[in-house]
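Given next, in structure tokens, is a single chain: the form predicted on its own.
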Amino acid sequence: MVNYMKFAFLCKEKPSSNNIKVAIIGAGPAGLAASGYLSCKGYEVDVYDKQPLAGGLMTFAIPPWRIPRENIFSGIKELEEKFGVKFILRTKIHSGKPAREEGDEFVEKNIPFEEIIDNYQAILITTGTWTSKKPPVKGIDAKGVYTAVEYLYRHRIYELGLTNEKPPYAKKVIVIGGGYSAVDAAEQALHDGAESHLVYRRTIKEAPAGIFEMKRIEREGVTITELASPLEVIVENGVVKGVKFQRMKLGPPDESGRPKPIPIPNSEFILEADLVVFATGERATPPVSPEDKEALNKIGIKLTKWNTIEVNNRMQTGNPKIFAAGDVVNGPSRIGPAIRSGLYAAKYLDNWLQAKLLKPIPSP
């Protein structure tokens, strides 16, 4: 019985090499699934990632009680040892000036994207979502205020022995948000022994993480307050002391299709805390800055207004040899959809390369 994450589904061992080199930028679930698919097709696969270990946010954000770390690492080890996938870590690929993202602490080498284009016959971008969205509320830069990615990342790198700096601990933690990052952060605080309080601007029925997950962490001991939105982080001598909230009511559906939260006048209240986590969403982090139009044009990719990479129905960008998959295309999602996206992109990439290799039949 396989008790680890298996990323190579098509074969039991790597077939003979076809001597075609493919680069995957990003070693999260989409990139790992794609590397398994392509290695089973005989490609020589190099996977680049800025972290010191592969796995993406599975390794560096999701708590190990949700996904056992040894399951991830065993699957990665199989890719390396059995399928010949090469991981080039602590390396950031970027066109133009590298953008500062969360989780950049371990980057030792920057390689221009153009160099990757020149050295590989096809490329798959799976760089995920490493930039957090922060609402424009007063006091958000105070000491003791974190994004969910930062908060969880600091716990993971400490557990993995990658730093001696202890992660942030507190007695009272407020987590703001309703997605999986919020659930993970609230549960992390609980595991740390804190009084954990999750606040969401809609009801748990509308929460992206789903009512099941919300009820589950509530049973574990997380206090959940619905229909409240942050107005201000209360700061004293530069340190967080709490959050002022405003109560909300649900109105007509907004562009997300969910009921829009509408502020209720004169309904402000304060919750005390010595640590606050904003789990209010993440943005896609393609390997080129959205403001750098010259770099975008040079490598031939386009970005949407959400910073995600535009692809056609074959997961192909404006540059035919560059494909993209996972959260950098779809925005923040779950592991299952990211893996599925990576597999589809790998299939289309393989089809494109095979079509290029077909020699035309000479006329009689």
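Start at 1 and count along the sequence shown; that's the residue number. What you see is a predicted model; the values in this text were computed from it and never measured.
Omitted from view is the form predicted in complex with a small molecule, to which the following refers.
- This chain is drawn without the small molecule; in the predicted complex, the residue among S229, Q121, S289, T91 with a heavy atom within 4.5 Å of it is T91.
- I62 is the sole member of I62, L303, A295, C40 with a non-hydrogen atom lying within 4.5 angstroms of the small molecule in the predicted complex.
- Stretch-level contact check against the small molecule in the predicted complex with heavy atoms at 4.5 Å: of 249-257, 73-81, 163-171, 91-99, the positive one is 91-99.
- Contact annotation: V45 falls outside 4.5 Å of the small molecule in the predicted complex, judged by heavy atom distances.
- Proximity of W130 to the small molecule in the predicted complex falls within the 4.5 Å heavy atom cutoff.
- For L349, no non-hydrogen atom is located within 4.5 Å of the small molecule in the predicted complex, even though that partner is not displayed.
- The small molecule is not shown here, and in the predicted complex it never comes within 4.5 Å of any heavy atom of R314.
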